[in-house]
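Consider the single chain below, provided in structure tokens and representing the form predicted on its own.
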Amino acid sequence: MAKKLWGGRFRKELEKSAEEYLQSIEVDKEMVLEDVWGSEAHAVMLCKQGIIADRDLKEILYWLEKVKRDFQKGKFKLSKEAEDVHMNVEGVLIREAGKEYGGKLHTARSRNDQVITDARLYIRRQILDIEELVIQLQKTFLDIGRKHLETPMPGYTHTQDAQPITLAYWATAYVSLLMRDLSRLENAYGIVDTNPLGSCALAGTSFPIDRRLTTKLLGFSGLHKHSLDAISSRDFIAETLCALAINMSNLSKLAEEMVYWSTFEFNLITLDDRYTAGSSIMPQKKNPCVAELTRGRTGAVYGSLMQLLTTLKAIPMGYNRDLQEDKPPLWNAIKTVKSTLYVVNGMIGTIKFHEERMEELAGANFTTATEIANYLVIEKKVPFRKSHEIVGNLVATLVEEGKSFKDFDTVDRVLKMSGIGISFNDLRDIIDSKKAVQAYKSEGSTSPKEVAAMIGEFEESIRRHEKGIKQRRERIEGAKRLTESVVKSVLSGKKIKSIDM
């Protein structure tokens, strides 16, 4: 006879290789506490609805609490023969309490709705952790911004010198970029945070269950009402993976800048020794390994997203065993993103910026050419396209002669050929990188005034996000306390009808 809890219909045992192939213990071990919580909420609801008796509930909750305590002490071991975390937990109840009691837990429930309930409980907590790590990185960039509002540095397009900007402007660009990551994560959380429990295998149940009660006990913000859709859908995992993949893309962008900024040739920064590594053969080497692995591991998170989307692309409505493969890519991506955010924050927070080198490059290689062109438009009333042509010709001549904007006599000579004159004092102010950034007036520009204003706006946005995270955590913790209170009351001998929920 089959030993599996689902084995009544079977006359042969699973082949060992098939049993090994089907098990998901390594993945499920992350969700033991979530499985216990979901099971307790389900059992409480069954009793509240009169589907099981108070005596049944008390016995079930006693052994579920025992599983929880054993797991927290490292004593609860998952058996591969039981296939997954759900069968392991339920198996304890049946062994210890007997089928008379333990066998009633799975009434009006399927592993189909059980597994996605556990996953949603686990994922929403992970999303909150990641949001907090993103905010920590934003705060590190804001610290840099506040300290360097007027520190000039080169801005690049095509990795070529473009225009002077400030270090604060660069730092707050990442704050701005990470704000969208926060929004994506928050949106993913909202899609995750709906209750599928009670959907059963796919069609709901003929038992008079109360899905609103389990929604409350598990702290979900709403009910995933359509049972077939709830069982079939894994877009909440795809949504989360998409947010994580974009976040890693943004961290990879940052990592790339850290790699080439720290080269001898650029020499814009020095990375702290704690976030670099050496060479086994070259004694002088100091390699930006944290940044390089941030780039490298981005591909793994992309791969996790594509793995899931490929799994989902041809699955019909209803549960299919392919969906067992939904969690491994997400678990891997979560681990990678969390560790990357943590270590990148440390790397950025310990950077030594070479301010003199930054200022030197900010005004070098004709980076203020656009400001000369703008000056001609504003002061000399030259149409911009004409001024662009004049300054372009000036740069070409200076390059040919091996000179720069600081060679005033040559600049004066070339400009006069176009009928333009700029005084020495005006030219000196225009090509000064510190003064150039002060000249910007447009909203959101690199001017210290604008950057300071944006810092204030970002700080306010972060406070709103932190408030939202706190509220979501409080909802979860409040639901946990409610469930624990009900469990404690039942175990102390109270009848379920007398317990306020």
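Numbering starts at 1 and follows the sequence shown. Please read these numbers as outputs of a predicted model, since none were measured by experiment.
There is another form of the same protein, the form predicted in complex with arginine (ARG); it is not shown, and what comes next is about it.
Inset, instruction - With arginine (ARG) left out here, work out from 171 to 179, 127 to 135, 104 to 112, 188 to 196 which stretch has heavy atoms within 4.5 Å of it in the predicted complex. - result: Single hit among the candidates: 104 to 112.
Legend entry - in the predicted complex, the residue from Y319, F141, Y375, F405 that sits within 4.5 Å of arginine (ARG) by heavy atoms: Contact residue from the list: Y319.
Legend entry - Partner-contacting position among T270, T205, Q324, T276 - heavy atom within 4.5 Å of arginine (ARG) in the predicted complex: None of the others qualify; the residue that does is Q324.
Legend entry - is_contact(R297, arginine (ARG)) in the predicted complex, heavy atom dist at most 4.5 Å: Judged by the heavy-atom cut-off of 4.5 Å, R297 is well away from arginine (ARG) in the predicted complex.
Legend entry - arginine (ARG) contact at S24 in the predicted complex, heavy atom, 4.5 Å: S24: yes, in contact with arginine (ARG) in the predicted complex.
Legend entry - 4.5 angstroms heavy atom contact with arginine (ARG) in the predicted complex for H148: Outside the cut-off, so no.
Legend entry - Proximity of R120 to arginine (ARG) in the predicted complex, heavy atoms at 4.5 Å: R120 lies outside the contact set for arginine (ARG).
Legend entry - Heavy atom within 4.5 Å of arginine (ARG) in the predicted complex - qualifying residues of 440 to 474: Residues within 4.5 Å: none in this stretch.
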